[in-house]
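The chain below stands alone and is given in structure tokens; this is the form predicted on its own.
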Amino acid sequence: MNTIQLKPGRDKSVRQRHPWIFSGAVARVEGNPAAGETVLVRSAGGEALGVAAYSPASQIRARMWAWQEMAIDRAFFQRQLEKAIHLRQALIDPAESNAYRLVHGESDGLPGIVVDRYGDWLVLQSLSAGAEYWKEVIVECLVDCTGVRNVYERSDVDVRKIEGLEERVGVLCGEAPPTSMQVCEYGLKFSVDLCTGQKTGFYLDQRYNRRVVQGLAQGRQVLNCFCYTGGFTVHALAGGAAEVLSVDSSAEALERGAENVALNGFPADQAAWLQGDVFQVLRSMRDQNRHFDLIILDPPKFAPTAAQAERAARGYKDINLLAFKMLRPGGLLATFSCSGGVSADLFQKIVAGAALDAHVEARIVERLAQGRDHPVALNFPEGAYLKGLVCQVA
């Protein structure tokens, strides 16, 4: 087996079972491993620390499959997938939703592999060289483990470029999903597009947080920013919101959002839709002295890495500052960050700074995170990417 040997003193994180080995920790590579091929990881003293997928194009030079010397083969992936699926069966009530995350990468011991289930379709994202190397085997195992015959690939994400991989979209097994299919969530219905929608078609990681917002919306005037296809909008209406104004830059997303409102039987005049840049829209509303009882901020990823956190912090502070200025007394702000480069602690400091500059007194009444089908392995804190706060102004 090809081998990578670590530099002296650079094996601590591996011994603590962190799955990433950065290029700066590698002393030398013995052999000529191809991208994604399994390599044996050795300490500077020659001790075998486990096996990993080799990624010559990435700063993350290897991702650990196991912390012992063992074969990485079809049986390995069958075991890992069965384990991940069993855990979901213990956590997800089928009556709650038919759309959820089945495999969550490193946190399920499968670095770079993401699989979401939408009813009779599985949507796979291959995000690393190792995942790509074993993709055919993984698809075979998924079909065996789930009985789902339709597997669609949505590996159209920027991180593949870092791995030296081209973006890929298309059928891996079975049939292509329809351009519009319905999923259920807490008794509500949503039209999703698995082929071109954001992420794998829907923001499954926000399912529990949408339910929280539903419980806060009664009688309130709601502003939903970065609304995408109206997930929070529909839940707010289900919670008895007086009216919801939803803002997004995508006309197509807004059109599907209106479809989702109609799909659930809510009056069209309770939901207004506005296409535009959220930053500009919020500034315009502030200048018009508009006010709301509940504002939702669910922006896209501003900082994929910690190196971009400073620039992202300015964006987060700007939108939260504007939101605080537009909340009525007693109003609520549900604000989120899905940026891996922004920690929960930093995000809270940003929101606190925004409240201070807005000259409002605010307090955290609830902390939110990704749903339990998106677990965070204790040895991989980077898996905790979604942070949320519900703040109330005095």
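Computed from a predicted structure; not experimentally measured. So that there is no doubt, residue numbering starts at 1 and follows the sequence shown.
As for the form predicted in complex with a small molecule, it is not shown, yet the points below apply to it.
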Discussion item. Within 4.5 Å, heavy atoms only, one stretch in 219-227, 93-101, 115-123, 138-146 touches the small molecule in the predicted bound form. Which?
Written reply: 219-227
Worksheet item: Applying a 4.5 Å heavy atom distance criterion, does residue 250 contact the small molecule in the predicted bound form?
Response: yes
Worksheet item: Heavy atom to heavy atom, is residue 106 within 4.5 Å of the small molecule in the predicted bound form?
Response: no
Worksheet item: Can you check whether residue 256 is within 4.5 Å of the small molecule in the predicted bound form, heavy atom basis?
Response: no
Practice prompt. Check whether residue 198 has any heavy atom within 4.5 Å of a heavy atom of the small molecule in the predicted bound form, and answer yes or no.
Written response: yes
Discussion item. Please identify the residue among 174, 299, 315, 239 with any heavy atom within 4.5 Å of the small molecule in the predicted bound form.
Written reply: 299
Practice prompt. Please pick, from 152, 133, 203, 273, the one residue with any non-hydrogen atom lying within 4.5 angstroms of the small molecule in the predicted bound form.
Written response: 203
